[in-house]
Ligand SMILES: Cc1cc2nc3c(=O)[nH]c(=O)nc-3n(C[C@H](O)[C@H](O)[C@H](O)COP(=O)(O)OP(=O)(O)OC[C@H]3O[C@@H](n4cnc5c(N)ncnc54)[C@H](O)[C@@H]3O)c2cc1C
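Here you get one chain, nothing else, as structure tokens; it is the form predicted on its own.
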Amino acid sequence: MTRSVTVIGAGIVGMCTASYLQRAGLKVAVLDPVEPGGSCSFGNAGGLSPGSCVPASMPGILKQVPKWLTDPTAPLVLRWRYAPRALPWLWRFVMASRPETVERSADAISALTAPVFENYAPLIAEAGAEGLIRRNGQIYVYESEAAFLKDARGWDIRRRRSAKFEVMSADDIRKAEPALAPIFQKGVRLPTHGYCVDPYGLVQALAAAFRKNGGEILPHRVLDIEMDGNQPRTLVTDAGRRPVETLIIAAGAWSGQLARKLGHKVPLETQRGYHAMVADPAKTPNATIMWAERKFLATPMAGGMRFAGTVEIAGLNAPPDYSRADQLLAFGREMFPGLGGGTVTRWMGHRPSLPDSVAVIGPSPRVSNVFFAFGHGHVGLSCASTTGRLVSELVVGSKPCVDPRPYRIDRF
């Protein structure tokens, strides 16, 4: 039986996985050159969303993409220098909009998000992080009835997977969220949703509990994986060589590079996301608000008001374009006319995204004692706790809480 496990990646997925493995009685080490929660987990929108099961690629998206790619304020932007590398992924993304693929993807995503609070509960209790979680619902808002009706397929997908929601009129919206501008004519409230007021703080709390319980977190970058036959034996890092017994690759947008070293070619792309954070806002909403047409989330965080979202396709190495964050801020001020506030900070992070919006989770069919946990796209925080539990169960050989077959790496 495996006694020692190495996890590459100290984001929310990596730390949930490491924590569940530790709870199973294994000796666990985590490697990441960035501090726990310092990458994509640092700046996300904070959503904890049991009903978030709609894949990014939906029927009809092919008609929208050309408009998005020519509008600098659109939810999706492609940097043209990166286009030759991105086009194969974008084609797969469009093909994933076929109705049968959408249904399979929605089932797979829902299986991870639906038990989000249940599977976070023991980890958050151990970390003493209950104060970081709010369970007060989420609201989607639309500027018009037509925009709401355009999203009907998505709401039907949620309904058929038992997501709870209620439609709101313009008056309902104003009563529930008086800080919002009176431009929204339709809304949908998801009462079982919630959010984390400090996603970075949550990962840090999990890391502190993991260390307290004997876990090791090392600031090392993995450069190569050396094999002994069909099994990894040594990790080559920027701090030297390290033996490995069982390996978990949970390195977010960098996981594809590591998977290739093991013979797996995965269509993993970074959907670069931005946020703008306003300190000391004068007015904030009571819950997280999604402006549906603009596809970004407004979240009242511990450090201020955060506006996060949109997609930029530009790869891992291009410098940030903070005009994307500035655009979010402009939309946010339109959304909340009385926002006010002080210092504004801007951030960009790399969402690890697969064309069908379904993560890669589970064992390698090519290499023994290697497991994957990456590619959660826009719902990493919501999927992380179930992913961590599932990977732990697969490693120790216990009954999995979720059918792992939809997440296999060789499905592409």
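All figures in this text were calculated on a predicted structure; none of them were measured in a lab. All residue numbers are counted from 1 along the displayed sequence.
What comes next is about the form predicted together with the named molecule, which is not displayed.
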{"property": "Output flag, 33, 297 and 377 jointly within 4.5 Å of the named molecule in the predicted complex, heavy atom basis", "result": "yes"}
{"property": "The named molecule contact at residue 248 in the predicted complex, heavy atom, 4.5 Å", "result": "no"}
{"property": "4.5 Å heavy atom contact, residue 351 and the named molecule in the predicted complex", "result": "yes"}
{"property": "Close approach of residue 28 to the named molecule in the predicted complex, 4.5 Å, heavy atom", "result": "no"}
{"property": "The named molecule contact at residue 68 in the predicted complex, heavy atom, 4.5 Å", "result": "no"}
{"property": "Partner-contacting position among 278, 244, 308, 123 - heavy atom within 4.5 Å of the named molecule in the predicted complex", "result": "308"}
{"property": "Candidate from 264, 104, 333, 220 lying within 4.5 Å of the named molecule in the predicted complex - any heavy atom", "result": "220"}
{"property": "Location of the named molecule contact in the predicted complex, chosen stretch of 148-156, 221-229, 314-322, 89-97 [non-hydrogen atom, 4.5 Å]", "result": "221-229"}
{"property": "The named molecule in the predicted complex - contacting residues of 40-63, heavy atom within 4.5 Å", "result": "40, 41, 44, 45, 46, 47"}
